[in-house]
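Quick heads-up: it's one chain on its own, the form predicted alone, in structure tokens.
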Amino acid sequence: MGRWEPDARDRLVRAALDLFDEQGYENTAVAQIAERAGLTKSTYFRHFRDKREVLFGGQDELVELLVAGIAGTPESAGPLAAVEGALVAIAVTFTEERRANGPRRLAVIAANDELRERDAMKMAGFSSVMQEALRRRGVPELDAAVAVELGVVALRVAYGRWLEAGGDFAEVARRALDEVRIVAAALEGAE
């Protein structure tokens, strides 16, 4: 494969996942990933800060989309509707390539303490920016925190379902958030 060929980022992700499958995350070097992808190590670092980021790349884009999704929701909408706007906004990043790599990516993360910690930090970062976006809309702090946590639960549920069945991620996320709303309301009645 020539170095000039397009989709360097996707090639690096596929190469990394292949190598992680073959020899484990810990035993794989960035230089090996770049070589497998037919690229240079410097090209790798133009796309990813470090080895972990090949599994978590694109976070900046997701943050921008989450904030834009909340900001783009009508002012009259409640906090959960704004969180729904954020989940729908990130749907553009849920491609078939991402779906195809998803189970392998999750398996690598699950097998490594450092990567599980990085995944938790990533989700905490998403929560933080969404809470701040809600507070900028005038949502009280506790309301923003609860709405975002419910949204994160819905995101995790939606991601798992989307990996299994595919489809339009926006619709999968909407359904998951609707179910979370129902469960939250039922918990209130169970007391």
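Numbers follow the displayed sequence, beginning with 1. Here the rigid core means the biggest group of C-alpha atoms that line up within 1.5 Å when the two forms are laid on top of each other. Note that this is a predicted model, so its numbers are computed, not measured.
Just so it is clear, the following notes concern the form predicted in complex with a further copy of the same chain, a form of the same protein that is not shown.
Undergrad: Is there a heavy atom of residue 78 no more than 4.5 Å from a heavy atom of a further copy of the same chain in the predicted complex?
TA: Result yes; residue 78 sits at the interface with a further copy of the same chain in the predicted complex.
Undergrad: Might residue 147 be said to contact a further copy of the same chain in the predicted complex, defining contact as any heavy atom within 4.5 Å?
TA: Yes, residue 147 is a contact residue.
Undergrad: Please determine whether residue 113 contacts a further copy of the same chain in the predicted complex, using a 4.5 Å cut-off between heavy atoms.
TA: Output for residue 113 is yes: heavy atoms within 4.5 Å of a further copy of the same chain.
Undergrad: Should residue 22 be classed as touching a further copy of the same chain in the predicted complex when contacts are defined as heavy atoms within 4.5 Å?
TA: Residue 22 lies outside the contact set for a further copy of the same chain.
Undergrad: Taking a further copy of the same chain in the predicted complex as the reference, which of 163, 30, 65, 157 has a non-hydrogen atom within 4.5 Å?
TA: Contact check passes for 157.
Undergrad: Quick check for you: of 57-65, 35-43, 22-30, 120-128, which stretch puts a non-hydrogen atom within 4.5 Å of a further copy of the same chain in the predicted complex?
TA: This holds for exactly one stretch, 120-128.
Undergrad: Judged by heavy atom distances of 4.5 Å or less, which residues of 160-183 approach a further copy of the same chain in the predicted complex?
TA: Contacting residues: 179, 180, 181, 183.
Undergrad: Hey, does residue 136 budge by 2 Å or more at the Cα between the shown form and the other one once the core is superposed?
TA: No; that C-alpha moves by less than 2 Å between the shown form and the other one.
Undergrad: After the core is matched up, is the C-alpha of residue 50 off by 2 Å or more between the shown form and the other one?
TA: Yes, the C-alpha position differs by at least 2 Å between the shown form and the other one.
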